[in-house]
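Below you will find one chain, with nothing else, as structure tokens; this is the form predicted on its own, and questions on how it binds or moves follow later.
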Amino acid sequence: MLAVILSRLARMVVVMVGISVITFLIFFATPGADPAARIAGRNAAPETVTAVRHDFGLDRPIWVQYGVMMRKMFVTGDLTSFVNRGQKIVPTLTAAAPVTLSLVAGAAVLWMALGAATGIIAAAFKDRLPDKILMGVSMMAVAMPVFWVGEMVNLVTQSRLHDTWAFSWVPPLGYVPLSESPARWFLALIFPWITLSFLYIGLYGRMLRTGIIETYQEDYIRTARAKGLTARRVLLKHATRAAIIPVVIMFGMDFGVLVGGAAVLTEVVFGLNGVGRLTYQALKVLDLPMIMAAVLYASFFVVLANAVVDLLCILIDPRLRRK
């Protein structure tokens, strides 16, 4: 097991270095990409562009620029924005990370719990009324765009029915740090959690149902039934355990991507200044250091989530240890 963990950590390091190099080359070394011209602005004089290139160290060899940026990002922490002069990238990203982590972690608990319950119940009542109802609702959840769901939630909870007893407790849009008030943190994130998880509950429920039904055709399931095991035991201990591995793999990908900034629509709709919103704002003005830091932050969580998922799959199914 220790060898597996060390192997995954080594792969993480290699992948992160590769992503950092590729991202840097795309923005700083691609033919036609001149960061100095972007910083200087449109119609800037050649002398101005040259001065900007010198001030930001963009006239140095490309490998030196890469090394300086990595050192400023990971060692000294004094990498600054090209657009907002004086704004340090690492503290800004660090301040936004807890917002996104709080949003995604809470939503992940909801979509895994409710998605698993949906899939198991639907598989247990295959082709009967509970199955049809759950799969119909799941299809609706998958079809509804996140931003539309969020806007409808805000319309009800922040506007139309905010003064009623049902939603008078809903706080204004925005984020409250957990350290400031756990109760207000929880209340502020209830509806963002529901909005972000809605799609994934339907998606994971449908995927798990399909996996359980396919697993029922396996020989070891027939053997378990022949031994006299109850239908509940066969469903929960044997069928679900095998069918949930693809769900866990997909969860790792989704969680890593969302923490990395893909929850931007939910953040914008609910006024949460997270990593996704920060990255979106950086892309609008082509703030290259911020974009570079955000890409590395996102790739770290994607790679980390996949490594954790690999280990979880080995724990769930010991047969994978031999591969």
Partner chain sequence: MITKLTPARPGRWAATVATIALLAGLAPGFAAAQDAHRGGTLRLVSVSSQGTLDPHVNYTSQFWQLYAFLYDGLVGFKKVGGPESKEVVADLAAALPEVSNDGKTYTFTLRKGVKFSNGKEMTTDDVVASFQRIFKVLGPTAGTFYNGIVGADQCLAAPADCTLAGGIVADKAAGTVTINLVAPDPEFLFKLSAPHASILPAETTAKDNGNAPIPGTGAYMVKSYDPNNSMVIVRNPAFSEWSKDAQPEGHVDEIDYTFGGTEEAAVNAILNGQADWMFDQPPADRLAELSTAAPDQIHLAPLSAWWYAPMNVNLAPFNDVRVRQALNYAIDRDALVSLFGGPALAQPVCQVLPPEFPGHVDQCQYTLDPGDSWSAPDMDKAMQLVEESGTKGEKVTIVTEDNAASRGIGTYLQSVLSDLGYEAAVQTISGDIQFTYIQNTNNKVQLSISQWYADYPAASNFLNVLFGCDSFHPGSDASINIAGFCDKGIDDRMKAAIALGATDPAAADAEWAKIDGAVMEAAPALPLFTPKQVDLLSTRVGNYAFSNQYHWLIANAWVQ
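Under this definition, the rigid core comprises the largest set of C-alpha atoms superposing within 1.5 Å between the forms. Bear in mind the structure is a predicted one, so any value in this text is a computation, not a measurement. Positions refer to the first chain, counted from 1.
Keep in mind the form predicted in complex with the partner chain is missing from the figure; the text below concerns it.
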Report summary line: In contact with the partner chain in the predicted complex (heavy atoms, 4.5 Å), from 115 to 123, 149 to 157, 70 to 78, 187 to 195, is stretch 149 to 157
Query - Non-hydrogen atom contact G86 with the partner chain in the predicted complex at 4.5 angstroms - result: yes
Query raised in the report: Do V268 and the partner chain share at least one heavy atom pair within 4.5 Å in the predicted complex?
Result: yes
Requested in this report: Examine K284 and determine whether its closest non-hydrogen atom to the partner chain in the predicted complex is within 4.5 angstroms.
Outcome: yes
Query raised in the report: If you check in the predicted complex, is P46 within 4.5 Å of the partner chain, heavy atoms only?
Result: yes
Report task. For K72, state whether the C-alpha moves by 2 Å or more between the shown form and the other one after rigid core superposition. Result -> yes
